[in-house]
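Only one chain is given next, in structure tokens, and it is the form predicted on its own.
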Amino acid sequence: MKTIGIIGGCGHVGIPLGLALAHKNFDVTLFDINTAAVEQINHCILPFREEGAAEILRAHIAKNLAATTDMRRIREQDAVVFVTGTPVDEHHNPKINDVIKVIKTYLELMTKDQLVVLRSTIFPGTTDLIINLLNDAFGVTKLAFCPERIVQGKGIEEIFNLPQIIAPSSEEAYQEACLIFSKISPRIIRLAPKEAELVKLITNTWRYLEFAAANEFYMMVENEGIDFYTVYNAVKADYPRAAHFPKAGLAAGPCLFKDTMQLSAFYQNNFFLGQAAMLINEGLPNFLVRQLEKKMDGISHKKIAILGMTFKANNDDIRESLSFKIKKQLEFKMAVVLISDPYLNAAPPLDEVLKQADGVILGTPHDEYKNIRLAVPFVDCWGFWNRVHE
């Protein structure tokens, strides 16, 4: 097992995996229809922030790592990795056919001898559908669902340190997948396909539920005019059973909400805890706007700054960021919205934004905001400034 092709390889899932594999001396090709991203990789430029990626990219590009839009080279690979996950539609239902269509698109470029690896989140039962699809096309299947469970921005580090789940279609597929992932992961966990699919969904859903609990408590306490973090710190202080109680914050990004809705669909929409979490987390932006509105005795025609537009701190990824939901709500309230984010090139300088602002909402607790002292009303659900300045 030497050559590995990653389809959709220039994205947030493909690049960390490709770099990790190249670092372990596999010959890796990142296949992508995004011409700009392909050119960036081949010119040793990362399309997004990823810790530890730049050094590995410099060491391996044009040696045993390349990016291309030439899909004909897929048939040259020993293993083909698909990083296409299952999206949800406007009604929060999983779009399983989108994943199937991707596989069908590349079938004529694949061979029966290749190991096929599914890497992203997929709806339970989808792996079996793809196994049947490959059987129909080739008369044989070597497929393994090997879900990623990495944190955005720290993918390479986590690939090397987290256990890797492998759910194979056969013993041969398992052995070949092990040849790949045992090189980059400290431990292999073998599961059946549906078990692995549920592990991936439950992993993200559990995190989403944790955030929802913290956010519900935040809104409950703050609604009474009491500082949440005074209560929170007392709950946590030298109390081991509260050690994993997360802080409040905007629960966003491309995975947590989506995967919670997929799990709900899997359970025939009887996953009431997950649906409640969605209402809580998606409702927090509106609560933050109302908080500031109360503090300022109205926000109509006032200049309100949102500090941080990415979905997580110290990162440049804006996918599904709830800061944009705050922006829409402020605009609905007829506020003049000012935006700051040190990780977005188009955003104006922070000093300029703060000079104009009549009020502030902290959207993302970037480190660059630590030393800010505000003289205007503000809302900080993260407890960021309280923790920094206490």
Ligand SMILES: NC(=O)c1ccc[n+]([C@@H]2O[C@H](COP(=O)([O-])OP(=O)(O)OC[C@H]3O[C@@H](n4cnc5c(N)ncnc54)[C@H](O)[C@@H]3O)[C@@H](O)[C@H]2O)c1
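Treat the numbers as computed from the prediction; the structure is a model and nothing was measured. Residue indices: 1-based, along the sequence shown.
The form predicted in complex with this ligand exists for this protein as well; it is not shown, and the discussion that follows is about that form.
For a residue to qualify, one of its non-hydrogen atoms must sit within 4.5 Å of this ligand in the predicted bound form; all three of Ile7, Asp32 and Glu148 qualify. When you look in the predicted bound form, the only residue of Leu179, Ile188, Met220, Met71 with a non-hydrogen atom within 4.5 Å of this ligand is Met71. Comment: this ligand is not present in this chain, but in the predicted bound form one of Val289, Leu143, Val83, Met309 has a heavy atom within 4.5 Å of it, namely Val83. Stretch-level contact analysis of 243-251, 100-108, 296-304, 268-276 against this ligand in the predicted bound form, using heavy atoms and a 4.5 Å limit, identifies 100-108.
A residue is said to contact a partner when one of its heavy atoms sits within 4.5 Å of a partner heavy atom; Val13 meets this definition for this ligand in the predicted bound form. Of the heavy atoms in Leu118, none are within 4.5 Å of this ligand in the predicted bound form. When contacts are judged by a 4.5 Å heavy atom cut-off, Lys95 does not count as touching this ligand in the predicted bound form. At the 4.5 Å threshold, heavy atoms of Thr126 stay clear of this ligand in the predicted bound form, well away from it. The single residue of 306-328 lying near this ligand in the predicted bound form is Arg319, the criterion being any heavy atom within 4.5 Å.
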